[in-house]
Each structure stands twice: as C-alpha cells, then as structure tokens.
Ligand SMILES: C[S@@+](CC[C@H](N)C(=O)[O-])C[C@H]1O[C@@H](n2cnc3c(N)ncnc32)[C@H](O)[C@@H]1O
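Heads up, the chain below is alone and in the form predicted on its own; it's given as structure tokens.
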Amino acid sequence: MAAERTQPGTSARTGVVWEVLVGGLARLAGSTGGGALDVVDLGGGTGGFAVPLARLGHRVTVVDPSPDALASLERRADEEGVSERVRAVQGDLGSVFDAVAKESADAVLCHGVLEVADDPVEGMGAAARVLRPGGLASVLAASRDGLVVARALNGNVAGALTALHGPTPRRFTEDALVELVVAAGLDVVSQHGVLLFADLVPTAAADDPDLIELELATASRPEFRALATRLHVLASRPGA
C-alpha cells in the first residue's frame, strides 16, 4: 500500500501555490480543448507537486540534480499508480535543454530553484523558453522582506537590518521577482504571498485546520504579502 503523504492542496505550506497552479492549469486545459497537459517541474525533487499533478491526468517531467530525489520520485509515482505519466531526468537550470526541448511544455514549475541558480536571470529565461506560446509558469522564490520580518521576530534585530539594507543573495523582493519574470518575456497573471502565517504561528497551531484557510484568504492581499516567507508569481508566455 502506498505510504500516506500530505497532498499539496491540504497543507498550509503548499495550499496557496497548489490552488493557484491547479486553477491556472484547468483554465489552460479548457482553452486548448481539455485533456492532459505537458508539465515540466524544474527542481521537483521527490515529486511533491509532480505526482499529484500526474494524478490529475497531466504528463510531468521532473528535472532535478539529485539522483536520490529522482529515485524517491520514481518510487512514489509507482506507489501512486502514475509511473506512466511521470518522467525523471537528472539535470538543473543550467542544463535544462539537455533534459527537455524548447517550447515542449504547456506549463513549467520553477519552485525554489532561482535561489540556487548560478544566474537567476539566465535561469528564469531558460524556464520561460521551455514553454509553448500560451503556456504557464509557476515561479516560487524566497522573500527578502519575509526574511527581515522573521529575523526581527526571532530577536535578531541586527540581522533584520542587514537583510533590509544590504544585498541579500538568494532572496527576492516582490518587485525583483516580477522583474525577473517579465524580463524572461512572460506576462504576470497573479502574485501571492506564501507562508504568511505558517512559519510564524506557534508549533501547536501548525495543524490547525483554519490555518490553510487563513493562508488562502490573505495570500493575494498586498498588505500581507510583505510578511510572506516565499513569493509566488503565476505568469504566461504570450503568443498563443
């Protein structure tokens, strides 16, 4: 029997991204006549998003540098009965076109990889070129402003000031992330804050069923996004 795992739509940590992504894919599938879509998950690791997307009927290629993560992905896909719709390929943003062809995907997931890319501008550009015209990009990255808030709340005020005023490698402001996406030739569809509260509440409240509702209710509101640990941008490639 397959091991029980938390699905992204039921977790306060991933529910916002999942809801936005699945809604976007449903609209895209509807506009193209329905049916399965080709999805590339860059840095998708063990398949936290890839396997549930395959369960929805989509064909998902996961590109990840870790052979151990890819082995876990293949086991998970087999346990969930979706092996025929999941492909595991070793690679990273720098070698993505050794793994997948340009303009081969209806959607690309770029979750947590810009932070480790040698060049985030080139990395975002490569992710965008994976898309067919009209395709969707789901981009998730660590927030600089969220780091400031987290450090201050943990009592590290000096560290908060450093993050606020100095360069913070591998962290992005909302404006900087949007600029990366737009520079890659994509049109922004929506912006959301992720982990607005899940990283701030006491451990005892982490499993509160109302927490995911709170995350979903505040994710798109700009007055809350500055608190987010991570930032999510859904974008589309024009030209369909």
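One rule holds for the numbers: they count along the sequence shown, beginning at 1. In this text, all values refer to a predicted model and were calculated from it rather than measured experimentally.
Absent from the display: the form predicted together with the named molecule. The rest refers to it.
Engineer: The named molecule isn't shown here, but in the predicted bound form which of A152, V116, V121, A71 has a heavy atom within 4.5 Å of it?
Structural biologist: By the 4.5 Å heavy-atom cutoff, the listed residue in contact is V116.
Engineer: Considering D145, D106, E80, D92, which brings a non-hydrogen atom within 4.5 Å of the named molecule in the predicted bound form?
Structural biologist: Going through each option in turn, the one that passes is D92.
Engineer: Decide whether G159 counts as a contact residue for the named molecule in the predicted bound form under a heavy atom distance cut-off of 4.5 Å.
Structural biologist: No, G159 sits far enough from the named molecule in the predicted bound form that none of its heavy atoms falls within 4.5 Å.
Engineer: Counting only non-hydrogen atoms and a 4.5 angstroms cut-off, does G193 reach the named molecule in the predicted bound form?
Structural biologist: G193 lies outside the contact set for the named molecule.
Engineer: Please check if G112 has a heavy atom lying within 4.5 Å of any heavy atom of the named molecule in the predicted bound form.
Structural biologist: Yes, G112 is a contact residue.
Engineer: Looking at the partner-bound form in the predicted bound form, is E215 within 4.5 Å of the named molecule by any heavy atom?
Structural biologist: No.
Engineer: Within 4.5 Å of the named molecule in the predicted bound form, counting heavy atoms only, one of 57-65, 184-192, 24-32, 207-215 shows up; tell me which.
Structural biologist: Result of the contact check: 57-65.
Engineer: Taking the named molecule as it sits in the predicted bound form, which residues of 158-190 have a non-hydrogen atom within 4.5 Å of it? Please list them.
Structural biologist: Nothing in this stretch is in contact.
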